[in-house]
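Two versions of one and the same chain are coming, encoded as structure tokens; call them structure 1 and structure 2.
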Structure 1
């Protein structure tokens, strides 16, 4: 995955739990444009550990001077958000991926219902810019704990011009999903981003009301094929290769100087298939090439995207 080097141009505490970061390209050039709902994956090097966290871009897609992300501090997380809160300061260098959009607006929708919970507001902030640019019909429903803890409410009120509906838990305000989704015109699409119970509730309500599956959207992040580090033994070459957490098995084999065949590097073409001779923990198959029964048998692996769940793997290479 190609990456972009950025520097942190500004850090702002939006609420006690949420920080907003402005990222500019290291060399001062414009950043690539993007579409509303896109996210980037930020790589953080934290003494021996690498965190790779996806964050939605919340700035205007037409502003390519800087990317904006907001991070909520998650105490229970693996540590990426804590790192962003405690260690990342103005002037610091970070590596990010190019924007990826797995939460895109349907261009043919007649109306868009956007439902946000808490920090889940971020992807909608860039989507609203795209919706306004084409004068689309939309409503933004934003639920949060309390006005004190809610981010960007004033900014959104200004941007949405009467299309913003807020719900504060502290004032016993709730979104009545059934009521909201029952009376929408044909061709309406609903989008949800927020805590998992809220996402499940929206998906279930819409489905129970007979909404077409293609009109129901929830945010998804690209999961880079990373995992735990492991060792792979190349039986024919007689060498052992360390596969770090942030590298694919194929990349690690190539870096060790062993010629491995490959083509698409995305788990579909089948060219890099390797025969598995031994494994102590099974295979995490991320490819679309092997059939389900082939995956269960664990006799083959596509090293461009797949890994072992164990500590050691022996392949015929």
Structure 2
């Protein structure tokens, strides 16, 4: 995938755990256009290790002088979020991919219900700009641990003009999903981004209420989990690759110099799917792409987030 050279123009601490970064083209030109819900992948080179993490674009799609991303420092970070928080400073150069949108707004929707949890607010920041531009009917429901840890609330209150609803865990405030989704007009679409339990709850509630599948949208990039080390045999390439405990299978394949197709790097898009030819211990599936039956069959794996339960895996690559 082609990359863009950018420089870090500004870094802001939004909360103790969230930093906001303004990225500008290294040559000063406008960056490629994007639509609300798009993301980029940031490449980070840290002490002989390369991280490639997806981050949602937050700025207005009408302003491509810079890209805006926010990064939450993860408690169990493999290194990417720590790198962004501790190493990235104003003036630093980074490489990013061109924007890709796997979480786009439906142009046919009569109304949009946006549901965000924590750092899952980021893709909605640009979506709101798109919705406001066409005077669309929408509501934003934003849940967070506490108002002290909530990012961008003041900015959203101003932008949303009465269409923002906030819920703080610290004050025992919860979104009543059934009540929210039960009484929406025909043609409403719901979008959710946040922690896995929230995403699952929204999807299950909407489906149980009879919402059409095409009207339900979600985004949930999974960070590759730490696991046991194993070896992956690349059948067509004729090489065997060691996958360390803290590295994803996709990252290890790339480190070995083998080109592997990918897009979201978070288990969502299915672009990196590989056919499993042999495994000695089954597969730990962490993606949001394969169906339950496909996961049980163990015939496919998303190397960006999934691992083998055994010591060795053979794939068609």
Partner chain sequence: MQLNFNDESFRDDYSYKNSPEAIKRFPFPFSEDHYMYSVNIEPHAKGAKGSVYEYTFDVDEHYVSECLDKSVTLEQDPGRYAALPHMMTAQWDFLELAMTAMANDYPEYFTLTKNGNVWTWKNRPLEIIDTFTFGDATTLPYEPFEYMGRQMQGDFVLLDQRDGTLYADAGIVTSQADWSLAFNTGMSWQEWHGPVPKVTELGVLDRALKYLLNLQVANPVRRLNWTMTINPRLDTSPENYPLWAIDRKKVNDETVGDLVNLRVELQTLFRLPRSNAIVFGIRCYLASLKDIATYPRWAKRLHRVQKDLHPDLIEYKGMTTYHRYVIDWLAQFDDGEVLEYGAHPE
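Rigid core: the largest C-alpha set superposing within 1.5 Å between the two forms. Positions refer to the first chain, counted from 1. Note that the coordinates shown come from a computational prediction; the quantities given were computed from them, not determined experimentally.
Novice: Assuming the other structure does not fit, state which one is the form predicted together with its partner chain.
Specialist: Here the form predicted together with its partner chain corresponds to structure 1.
Novice: Cα of residue 304 displaced 2 Å or more between structures 1 and 2, core superposed?
Specialist: For residue 304, whose C-alpha is compared between structures 1 and 2 after core superposition, the shift is 2 Å or more.
Novice: Taking the rigid core as the superposition reference, indicate whether the CA of residue 13 shifts 2 angstroms or more between structures 1 and 2.
Specialist: Residue 13: C-alpha displaced by less than 2 Å between structures 1 and 2.
Novice: Note yes or no: does the Cα of residue 257 move by 2 Å or more between structures 1 and 2 after the core is superposed?
Specialist: For residue 257, whose C-alpha is compared between structures 1 and 2 after core superposition, the shift is 2 Å or more.
Novice: Could the core-superposed CA displacement of residue 286 between structures 1 and 2 be given in angstrom, to one decimal?
Specialist: A shift of 14.5 Å.
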